[in-house]
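In structure tokens, one chain follows: the form predicted alone.
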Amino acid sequence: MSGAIDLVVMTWRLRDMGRVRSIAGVLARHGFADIAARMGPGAWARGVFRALLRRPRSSPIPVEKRLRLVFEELGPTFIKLGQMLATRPDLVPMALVDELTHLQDRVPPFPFQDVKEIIESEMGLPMAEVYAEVDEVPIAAASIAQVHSATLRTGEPVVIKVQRPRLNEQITADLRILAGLARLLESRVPETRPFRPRAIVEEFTKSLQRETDFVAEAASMGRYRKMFEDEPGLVVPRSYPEWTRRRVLTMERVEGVKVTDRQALVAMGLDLKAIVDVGMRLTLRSIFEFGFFHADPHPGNFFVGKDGTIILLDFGMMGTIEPRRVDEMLAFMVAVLTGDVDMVVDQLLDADLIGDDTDLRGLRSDLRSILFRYSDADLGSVDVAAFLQEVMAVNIRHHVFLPADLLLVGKSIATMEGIGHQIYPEFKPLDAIRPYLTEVYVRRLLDAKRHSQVVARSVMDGLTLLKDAPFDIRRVLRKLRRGELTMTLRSADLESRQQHTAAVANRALLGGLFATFFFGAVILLDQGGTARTVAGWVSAGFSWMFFLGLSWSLLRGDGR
């Protein structure tokens, strides 16, 4: 460990000492001298932390707020880190998650001369050969980029998103320092280890690299536009690929007012309820129908046009979900919203999110307590954000390993609920969420094409298992002979696990019988002839019976 720390020290000494001193100063001003002192890796750092050690101070301001102020003062990398942490209640305490949602990403604009130089450097052309006119006063300025109105030489009104000068160098240095700080935290501040600082930095690095690549953002805009071609209530500005580079994004200019400017929306004579309903529908569809959703849905990214259409901006942070995860989340959400505790736990088990040390009886009890409290509540009075937060808090307390995509989905839905209440205080989110999720869940459950694909994959998995079985058996026998095989028996909640195993076996059997009779019916009916037709319809009847049995088992959630 000391060797790794020495390497971090050498890296900082050569390249990043100025930035390290700046970070130390900010930490000192906000009362984190104790943490910094414990991180001191050796004599070389005494000069850096001397100010911290001389003036340790306590503060009446809560530690969560002080951390938010530290992130804001340290600039783009740390602001984005805070925004990422705000989506990860599995990694940081919920109180800090709540505070980090208030991070302000407003910074002074940079000079127009820098804008011009960046555009010309990226395009390889004088700015005047691309844009007929560029407004020198930016529309908005944030930690990553600022936006200017412009007109193309061909006459189209556009906006240009230009990355901050020297941003890449600053982010690279900050990420290098963060990686070193994460290693030091884990080695010198043991209480931070459960929060996995190194894993956080690694995940954050990947996310930030995607967000600072405007070519990737333009591709996300195009994908989102294509997804919602049938949605008249949404406008996604189109990008201009020929005038888009890694640090410059040129996109269609669309006029609108900020979605939270309720007074302006009323003055325009718009239907506020309709705007909120469309916004929630778009959020749910992007998640559960397309598996590709806006992972940073704060109010500054939503505008409303004169005709009431929603204008969605900033596609730097996008979430993706694979189809199997969508099925798992749909079943999980339906189980939560219908108050079926057994189905909730079954879904967590099926998704392999529950560890061996989880007390299933305690988990069920805590979930049942929450769902019971909400079961008799008026549908419109339920705070969905608080409800989901409670469910997630229980899961985290019982060491249920919630994946990042599920947490992003929860944040996205909760944020849309908050925006909806700002625009239309009478908004009842569950009135929209519950019927939609139920409809999509049933539709996917009855989708024969999807089930045939699942059956085909299951058959291939079974064949692979049979092919590998002799090798696996020989390997187990060798370990037995060598005395290398150990077995651990856990009696806690054994009956529940046995029920889960039986449930999986029952559903697999019903699924196999359904597939056999279904494909048998298709083949027989296709061949024609009286005998084959009768046999085909009989086979179809059996397949329908087994499908109903499978559906009933899934809906009950108990495997019977």
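Sequential numbering from 1, following the sequence displayed. Quick caveat: nothing in here was measured; it's all calculated off a predicted structure.
The form predicted together with a small molecule exists for this protein as well; it is not shown, and the discussion that follows is about that form.
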Contact segment among 114-122, 250-258, 223-231, 274-282, judged by heavy atoms lying within 4.5 Å of the small molecule in the model of the complex: 250-258
Sole residue of L408, L313, V97, L208 within 4.5 Å of the small molecule in the model of the complex, by heavy atom: L313
Listed residue (M392, A182, A140, V341) with a non-hydrogen atom within 4.5 angstroms of the small molecule in the model of the complex: A140
Partner proximity in the model of the complex: I321 to the small molecule, non-hydrogen atom cutoff 4.5 Å: no
In the model of the complex, P109 touching the small molecule (heavy atom, 4.5 Å): no
Distance check, T101 to the small molecule in the model of the complex, heavy atom within 4.5 Å: no
N301 within 4.5 Å of the small molecule in the model of the complex, heavy atoms: yes
Joint contact, G75, I171 and I177 to the small molecule in the model of the complex, by non-hydrogen atom at 4.5 Å: no
